[in-house]
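For reference, the chain that follows is the form predicted alone, supplied as structure tokens.
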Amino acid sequence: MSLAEHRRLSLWWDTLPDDLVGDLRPPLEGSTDADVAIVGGGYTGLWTAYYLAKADPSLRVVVLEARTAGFGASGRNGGWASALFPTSLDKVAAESSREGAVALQRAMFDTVDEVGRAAAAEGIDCHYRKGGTITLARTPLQLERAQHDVEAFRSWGFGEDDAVLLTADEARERLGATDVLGATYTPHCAAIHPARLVRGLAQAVERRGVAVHEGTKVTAIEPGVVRTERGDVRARHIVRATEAWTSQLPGYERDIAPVYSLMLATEPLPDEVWAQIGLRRGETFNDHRHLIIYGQRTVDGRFAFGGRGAPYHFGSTIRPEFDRDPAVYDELWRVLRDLFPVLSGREVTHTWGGPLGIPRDWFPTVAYDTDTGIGSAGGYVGDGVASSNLAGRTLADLVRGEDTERTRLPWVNRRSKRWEPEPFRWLGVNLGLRVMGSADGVEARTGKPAKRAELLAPLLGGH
């Protein structure tokens, strides 16, 4: 795939300036030595390289990317640099402590700002706008969930500066959707152009002396060596930053389930349409339904909107044709027009998607084994734009042997259960997706909580 063809990967790739698309970086040419070898040229790998090079410019750091930097979720996601963590505070505390759970959440708050600070320091114009997130409640049951979420957050010591419940009028002032009964709002999120960030970050690490090899497929990771189709990289420290593609590596097939999330984008909308929709302050938005949706207003005036619903593919298979599913796009467009009827008659100009990485317990991790010298991070469940930055800073500390507040956070050096073998993995993941999707219909028809979703949530992990 040429870099020109990469523009079809997403709206974000298609709207990159030419200097950020650039030419394919040279692949690895034969075996070499390094201090740190990083497998994966997405956010996690590049943030790790960035903070390592910043902390110790003498380190020889090599990034190995099978395709091109930002090919995966880093260049295709919804553009939320958020403080969301897919595992509940209760679950984090149960595995560590109350103080540990609060510390991790506050680290995520700070990370939203760190993404903006780092981008500004490196001159990366990623359209960073810290407008927060508004999560709509459009049914009485969703309003109950919104109220419960804010009350639960308060019980952990977080105040109105972190999350607040909006009245119907306050919510509609920010976002003019149909049937709004209220909303929750948090300031801890920035809307970004994700491909601008990842491509700019690749250039930033190169300026700091990091070697980035694109078109270099890794075939195996072993203590002290990364094997590729083009030669070996011998290194004392190795970082695996492969997210959804972890499932394609020998020995890691059941560590991560690649589940697809799909998106669409409208044509640039006129000011009079946005005057009815809102999102004037750079907010991102979703709502309190079970099956996740997410959206933002882009700098060039488009509505970028996505959601789950695409199936998991047997054997954790990842193929280009899975990036697009017409039935899912039709449903996303229906949902968006239901929320904002003013969009009827407008054109959808881009549709795209890709896999995200889900661990068995929905608990992202950062790890480093001092015996083998192998580290890793990932399993962000779609919330990786900011999480990957915190992971990269943490891995840089761990590789350098530093004991910091970050290395003591409760997602460090824990292990998730492995996914079940097939066909149980295929049955379980797709059953979960179907139940979550049907739960919203059940609630709409009956006005009662969907017990099936509540019963299945602990099996799927996460909230």
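It should be emphasised that the depicted structure is a prediction, and the values quoted were computed from it without experimental measurement. Each residue number is its position in the shown sequence, starting from 1.
Below, we refer to the form predicted in complex with a small molecule, which is not included among the displayed structures.
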Exercise. Name the stretch, out of 333-341, 87-95, 210-218, 163-171, where some heavy atom lies within 4.5 Å of the small molecule in the predicted bound form.
Key: 210-218
Quiz item: If you check Tyr185, Tyr312, Tyr329, Tyr294 against the small molecule in the predicted bound form, which one has a heavy atom within 4.5 Å?
Solution: Tyr294
Exercise. Counting non-hydrogen atoms within 4.5 angstroms of the small molecule in the predicted bound form, say which of Phe71, Phe158, Phe363, Tyr128 makes the cut.
Key: Phe71
Quiz item: Using 4.5 Å between non-hydrogen atoms, is Ala241 touching the small molecule in the predicted bound form?
Solution: yes
Quiz item: Wondering, does Pro258 line up within 4.5 Å of the small molecule in the predicted bound form on heavy atoms?
Solution: no
Practice problem: Give a yes or no for Ile358: in the predicted bound form, does one of its heavy atoms lie within 4.5 Å of a heavy atom belonging to the small molecule? | Solution: no
Self-check item: Ala37 within 4.5 Å of the small molecule in the predicted bound form, heavy atoms
Solution: no
